[in-house]
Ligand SMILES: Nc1ncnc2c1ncn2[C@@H]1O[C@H](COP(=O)(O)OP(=O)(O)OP(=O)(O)O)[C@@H](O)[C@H]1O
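The chain below stands alone, shown as structure tokens; this is the form predicted on its own.
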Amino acid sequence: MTDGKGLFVTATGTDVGKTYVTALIVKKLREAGHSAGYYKAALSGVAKTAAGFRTGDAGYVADVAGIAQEETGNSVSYVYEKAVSPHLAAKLEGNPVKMAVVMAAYKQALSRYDYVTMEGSGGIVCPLRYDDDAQLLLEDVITALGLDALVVADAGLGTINATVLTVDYMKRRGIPVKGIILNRYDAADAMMRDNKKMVEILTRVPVIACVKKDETAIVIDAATLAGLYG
């Protein structure tokens, strides 16, 4: 049995900065001296080149967090060239996601690192596979791996609705939400300050960090961050 711990990072939707924030999380842990790594089940919109995964989300996280090239080989189980939902990319490219493969890869990551941050694809409602043989949603993977989660949300207009709906969906499916991280946050903006307050009130989940635009570090104690993993 491995002693490694994991945490899942999802978002309120596409392009809110989930990979950016995930990279800062892994970076924070590694800079604090922790053995921390990254895993993603399926990645879409990446051309398969000699550069490997370092051209996609996994490569970005590795570069920011200081993960060596030789450590990234198994950081993503399924890579698709089409920039569409994984279930559609899998159909178009003939390479469907298999739960057993994802579980094995995740367990391998746990055997290598003390803290594994698993990043989702898009928002929480994301079909990874949907065909006649199997229907696999992102939430099925989170549940099967027994992971708690963080939700990344944009700090701007519309985030109250998007964040409350995301957290409510996850709670209804039994996925523990440990915290919310607001990205592109500006403390001088009255709306963003109010968004933070209302999100916490309506979700009953704490905003554990607010990340300013183009920030190079996440402002949260490394020990507190590590304590979210289970």
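Keep in mind it's a predicted model, so treat the numbers as computed, not measured. Numbering starts at 1 and runs along the sequence shown.
Beyond what is shown, the protein has a form predicted in complex with this ligand; the following relates to that form.
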So, a 4.5 angstroms cut-off on heavy atom distances: do all three of Lys107, Asp114 and Tyr229 pass it with respect to this ligand in the model of the complex? no
Can you check 199-207, 25-33, 158-166, 176-184 and let me know which stretch has heavy atoms within 4.5 Å of this ligand in the model of the complex? 176-184
So in the model of the complex, does any heavy atom of Asp15 sit within 4.5 Å of this ligand? yes
4.5 angstroms heavy atom contact with this ligand in the model of the complex for Gly122: yes
Any of the heavy atoms of Val211 lying within 4.5 Å of this ligand in the model of the complex? yes
